[in-house]
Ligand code: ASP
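Here's a solo chain for you in structure tokens, the form predicted on its own.
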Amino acid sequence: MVSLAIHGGAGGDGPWKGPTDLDPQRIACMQNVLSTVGSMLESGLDALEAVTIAVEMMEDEPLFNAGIGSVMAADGSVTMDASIMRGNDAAAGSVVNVTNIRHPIRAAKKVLEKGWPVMLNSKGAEDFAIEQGVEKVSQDWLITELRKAQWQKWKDNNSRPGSTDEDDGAILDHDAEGLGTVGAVAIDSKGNLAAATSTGGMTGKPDGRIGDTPIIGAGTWADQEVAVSCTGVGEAFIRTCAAHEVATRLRQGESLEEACKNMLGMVAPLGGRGGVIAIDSDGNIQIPFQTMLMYRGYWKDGEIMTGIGPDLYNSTE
């Protein structure tokens, strides 16, 4: 029953054109996350800490849009959001628009553990996280050369927010409107479920913009039946309460596959094409997407599968 699924964002239109030169590094990161955290789950780690560690590891990969390597806002700064939820008691924590901590997801978990409030914003979230031992970093540390190049291309072309997020080296790599949120869902050996999501948002986003990632029920949801993490155009996922919609559909009798597919069908007309990862209380995993690509993978019974485009690859040795 012990299972783990992760994503590194979804985006793009048209046919899959194959990986870029930077994609092997992203895949290697996902394989390391799945191998490391999957083994920890198998050894008895609880689901909440498992999804926290999984997302932290992706926040530490500069090629994902979370933590170091987060994309830059219109004013050239980095602001990050994260949320986490535990299924057995509906405990949740969220941080919004943080600018100087290494692991926003760890900060969100600290909020969850405190118990009240559920969501902290900006300086209040940062001060709380640092007081709780979350590592403080500078804006210069968070911003990579790739993100600087993407931001400059966005600015020079007067593009829409998010249009350059997946431009590896500011050379259009997947023709994708980048939606590089990272997330994890897990079920542990006691049957407990948890979900976590973290993002740097969208290149060129306006000051104060908040997407679905830190909003419980939109980007992240976990209860006793399912754990869900979404990736896509956040506004549409907010308007449909997308993550919670999966849980609602399960309660109405749909299978996990149907619930995820139908939820994505709801967000699509609102401009919210993207993807979702979900695990139910039976350990079933779904990782569908309706875009050109979604960085994704899962660990189950020692087997690791990863993928970017239409196909999944077995990487178990």
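All residue numbers refer to positions in the sequence shown, first residue = 1. Worth saying up front: this structure is predicted, and the values here are computed from it rather than measured.
As for the form predicted together with this ligand, it is not shown, yet the points below apply to it.
Gly232 belongs to the set of residues with a heavy atom inside 4.5 Å of this ligand in the predicted bound form. Although the partner is absent from this view, Arg209 contacts this ligand in the predicted bound form, with a non-hydrogen atom inside 4.5 angstroms. Using a 4.5 Å cutoff between non-hydrogen atoms, Thr220 does not count as a contact of this ligand in the predicted bound form.
With a 4.5 Å cutoff on heavy atoms, Ser83 does not count as touching this ligand in the predicted bound form; it lies far away.
With this ligand left out of view, the stretch that reaches within 4.5 Å of it through heavy atoms in the predicted bound form is, among 118 to 126, 135 to 143, 196 to 204, 100 to 108, 196 to 204.
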